[in-house]
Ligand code: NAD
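The chain that follows stands alone, in the form predicted on its own, written as structure tokens.
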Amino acid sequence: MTRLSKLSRSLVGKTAIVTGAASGMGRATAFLLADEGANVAVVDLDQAKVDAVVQAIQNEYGPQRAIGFAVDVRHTEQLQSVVDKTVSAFGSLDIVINNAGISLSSPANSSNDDFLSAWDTTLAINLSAYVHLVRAALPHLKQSSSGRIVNVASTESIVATPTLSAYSASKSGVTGLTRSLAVELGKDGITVNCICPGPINTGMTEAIPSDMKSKYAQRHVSLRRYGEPEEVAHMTVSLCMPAMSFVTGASIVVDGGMTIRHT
């Protein structure tokens, strides 16, 4: 059937790298990208979990649609290797999704060693790794007809939780990095956007008792519930589509109305 619209929403033939893709929002994003036709490089720290996601995609779409890498995103040489091997396997790179993250308690009055350890680790994974992967991928993104970068931040870049200063600072840094890269890379036709998830049922929140989650959602979230990883993934993947060619530098909140609720 002939379409009346001109811009494509298809990701068939596109290639994406997703960090933190072995669980939660990253896994949901990897699965959704595959569902929409993209080739996916699954990146995370745990080899067994990476293999499980890759196998699930391959079982559904064939061995040619997914590869996996167990890496520590703090090491730039490992990120460069991921980019090189992804391009070697699929022939191109069109999409980078920086999703890997960690949340460590960092009370301001904790000991120097404890605070600095949490601070340095959090910023290395949640912020520095993002720009290192972008830099490694940039030569290939510039060759794409629809280069896309999506950085996953958090509503902690807008509001704040006690003892999470490192996490909040890193996520605020991600939104700033997103804006800066969007301005810089616009001339190359590359869009750079940011997702700010709110309370989502992921590994970071699974230790919170369900009754506490329910109370929090009733008090603070307009939709009165926690979100699911796939609900975030749909926004992330939408920003990767060729049709999203005039959206860049945006930080899009996916939080069920948490940050807008006053009472």
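Numbers follow the displayed sequence, beginning with 1. If you're wondering where the values come from, they're calculated on a predicted model, not measured in any experiment.
From this point on, the text means the form predicted in complex with this ligand, which you will not see here.
Next on the checklist: Checking a candidate spot here: are Gly176, Leu181 and Cys240 all in contact with this ligand in the predicted bound form (at least one heavy atom each within 4.5 Å)?
Outcome noted: Checked in the predicted bound form: no contact with this ligand for any of the three.
Next on the checklist: If the cut-off is 4.5 angstroms on heavy atoms, which of these, Asp72, Asp84, Asp120, Glu77, is the one near this ligand in the predicted bound form?
Outcome noted: Selected residue: Asp72.
Next on the checklist: Can you pick out, from Ala166, Ile125, Ala136, Leu141, the residue that has a heavy atom within 4.5 Å of this ligand in the predicted bound form?
Outcome noted: Looking at the other structure, the residue within range turns out to be Ile125.
Item to check | Candidate stretches 217 to 225, 52 to 60, 194 to 202, 33 to 41, one within 4.5 Å of this ligand in the predicted bound form by heavy atom | outcome: Comparing against this ligand in the predicted bound form, the contact stretch is 194 to 202.
Item to check | Ala100, heavy atom within 4.5 angstroms of this ligand in the predicted bound form | outcome: Although this ligand is absent here, Ala100 would touch it in the predicted bound form, with heavy atoms inside 4.5 Å.
Item to check | Exercise: Lys171 in contact with this ligand in the predicted bound form, heavy atom 4.5 Å | outcome: Flag for Lys171 set to yes.
Next on the checklist: Since only the chain is shown here, I'm wondering whether Val152 would be in contact with this ligand in the predicted bound form (any heavy atom pair within 4.5 Å).
Outcome noted: Looking in the predicted bound form, residue contacts with this ligand include Val152, since a heavy atom lies within 4.5 Å.
Next on the checklist: Would you classify Leu11 as touching this ligand in the predicted bound form, given a 4.5 Å non-hydrogen atom cut-off?
Outcome noted: No - in the predicted bound form, heavy atoms of Leu11 and this ligand never come within 4.5 Å of each other.
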